[in-house]
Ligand code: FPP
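First comes one chain, alone, set out as structure tokens in the form predicted on its own.
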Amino acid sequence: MKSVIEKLSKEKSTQWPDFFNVISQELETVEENLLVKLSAKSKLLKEIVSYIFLSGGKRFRPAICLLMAKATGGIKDKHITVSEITELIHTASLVHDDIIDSAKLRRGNETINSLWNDKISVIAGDFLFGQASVKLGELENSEIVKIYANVLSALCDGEIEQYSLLFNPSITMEDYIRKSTSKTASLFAACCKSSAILNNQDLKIIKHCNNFGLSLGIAFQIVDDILDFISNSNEIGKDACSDLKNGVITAPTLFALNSPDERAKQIRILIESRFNNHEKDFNKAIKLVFELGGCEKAKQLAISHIENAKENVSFIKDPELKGCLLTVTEAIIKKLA
């Protein structure tokens, strides 16, 4: 494993997208703190944490947090801490998701659970949640502690709801958006809102920041769900079409299921049977989702949430910073190009 970590360390790039250039120095600080300053005493745990943070990740959420901080008054040390908290919670949730899904790949590398085992992976994820809690205490801000406590609660709630709706073709769009908000968008909203709070912005600005993060996060999840359909395993760094195979009904499938076309009934039957004929039935369901325009309709839904996100940064006066945040929203949709 030592040789794997050394290889990942050499391959690790700190080049950020151009629209993150205005916060590149702060992102470097976040990256360094995640890699070398977490207080793991166990040699094995240090090895696992190093592997996790060297295995990739664009640090998208910390970057959004820092951009919003810069746009609402400037970046302080506590904004760096909030960025780290956000990435720790996100990464911990991925570790636990991989255990739940028995996933073998994450960001193009082997998952923690496939390299070690589920028990160690649960503890590693819990350690990252614990480190996020320690850093929350360091903020000495009860309002932000409450915000992130609600995020942690929402993550669990969303995961349980997703589990309860597996292979259920009767899921509604409201169910899907609620689950996406809990599992993904709540963390985006939290870091944007917290950035404004730390800069002592008024309630109106704080609400705009929260709404920006919420809309951006929902769009991000929808795009991720579309990519699960249209990309191969090498492109997305995990097994393609894994959501539907595991019984998770996402936006593309949901739109296909709600189509007035008679073929929508076939998808429903295939899902309810849990793809009895395995690969043949599964591939038929994927084909029908494409034929019924599920991915195209999901893309339009993502675009509508991106437009909502854009509307909520109209208060930002600095043209460069507003431009950066607008470019971030556009970059999410461009992932589908």
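Treat the numbers as computed from the prediction; the structure is a model and nothing was measured. Numbers for residues come from their place in the sequence shown, where the first is 1.
The following text describes the form predicted in complex with the named molecule, which does not appear among the structures shown.
In the predicted bound form, every residue of the candidate spot (D101, L152 and L155) has a heavy atom lying within 4.5 Å of the named molecule. Mapping the unseen interface onto this chain, E87 falls outside it, with no heavy atom inside 4.5 Å of the named molecule in the predicted bound form. Within 4.5 Å of some heavy atom of the named molecule in the predicted bound form lies at least one heavy atom of K183.
Of the heavy atoms in E110, none are within 4.5 Å of the named molecule in the predicted bound form. Interface membership of I205, defined by any non-hydrogen atom within 4.5 Å of the named molecule in the predicted bound form, is ruled out. Site annotation in the predicted bound form: the residue of Q221, S215, T72, T253 reaching within 4.5 Å of the named molecule with a heavy atom is Q221. Out of the listed residues W116, F167, F229, F129, F129 is the one that sits within 4.5 Å of the named molecule in the predicted bound form by at least one heavy atom.
Residues placing heavy atoms within 4.5 Å of the named molecule in the predicted bound form fall in a single listed stretch, namely 90 to 98, out of 131 to 139, 262 to 270, 90 to 98, 196 to 204.
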